[in-house]
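Presented as structure tokens, the chain that follows is alone, the form predicted on its own.
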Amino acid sequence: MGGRDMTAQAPLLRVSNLTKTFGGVTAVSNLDFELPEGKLLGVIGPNGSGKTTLVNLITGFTRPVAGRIEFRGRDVTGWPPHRVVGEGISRTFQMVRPFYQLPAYKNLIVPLYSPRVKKLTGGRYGDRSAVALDLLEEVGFERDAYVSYKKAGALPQGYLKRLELAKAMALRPDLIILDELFSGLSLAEVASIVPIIEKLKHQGKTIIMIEHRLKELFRIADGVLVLNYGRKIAEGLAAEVMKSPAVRDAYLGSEGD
């Protein structure tokens, strides 16, 4: 994996001393990192290392007990999810959450009616159904196939993951957080989604990817953050990070790749 120094420009996102406990368990502990605009940060670590808790903290699904989250220099710590979305941060979920009884394309109508999209378009978005179909085509739904019109509950996992990505894209975010987007997908499915993520980067989107599929992640990440027991144990380019004995012991030693 290549990549330039991720500290060479002002950060879009800054996390400072972030801490979250659940009872007596510390899920995230004094975490610090910065993410410049237009970069892709991979976040890896063993199960239970705090990765999804970090996503939930940034996106407002849980509140920290200490620390600060800044987005474009604005303190968004503890904001509820709808305010975080309005500020320009969207996410996918590790466990997909579609409207199962609605056709796939109608799952995108809800985000397309969001206050953020209305603000960005001045309320002039045109035919939202057409926009929804365009978005689904961008993430790999065949344009002339019936699959976009099928109920989400009838779609296989590969399409549900693509739908999850399209829902996040529909909000026109500046930062997209992908929580194990590749999980449950075949190698061929992952290979077909990687160019979509690369296109988002080319469009200037900033991305955080929580991921266990290291080979595919390292191809597209500009930098990698490694967590273990809620703490940052390494940060930098993938090739450098994976040489760390602490990373090998904590991550590869416990799970392998």
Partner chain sequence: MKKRKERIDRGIKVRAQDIFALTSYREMLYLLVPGAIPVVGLLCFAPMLSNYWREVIISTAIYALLAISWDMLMCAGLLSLGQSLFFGIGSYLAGSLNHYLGLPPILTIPLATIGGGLICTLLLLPVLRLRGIYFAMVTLVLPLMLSRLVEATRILGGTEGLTGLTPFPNQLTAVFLIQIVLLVTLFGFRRIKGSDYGLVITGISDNDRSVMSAGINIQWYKAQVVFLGASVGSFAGAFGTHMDMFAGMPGFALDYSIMPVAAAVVGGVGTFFGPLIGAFILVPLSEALRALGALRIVFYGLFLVIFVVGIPEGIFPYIQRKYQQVERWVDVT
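Residue numbers count along the first chain shown, from 1. Remember, it's a predicted structure, so these values are computed and weren't measured experimentally.
Here the subject shifts to the form predicted in complex with the partner chain, a form of this protein not shown in this document.
Note that among 74 to 82, 154 to 162, 180 to 188, 137 to 145, the stretch whose heavy atoms approach the partner chain to within 4.5 Å in the predicted bound form is 74 to 82. Within 4.5 Å of any heavy atom of the partner chain in the predicted bound form lies no heavy atom of Thr206. Put simply, Leu133 is far from the partner chain in the predicted bound form: not one heavy atom of it is within 4.5 Å.
The partner chain is not drawn, but in the predicted bound form it has no heavy atom within 4.5 Å of Arg172. With a 4.5 Å cutoff on heavy atoms, Asn56 counts as touching the partner chain in the predicted bound form. Contacts to the partner chain in the predicted bound form (heavy atom within 4.5 Å) from stretch 87 to 108: Arg91, Phe93, Arg97, Phe99, Gln101, Leu102, Lys106.
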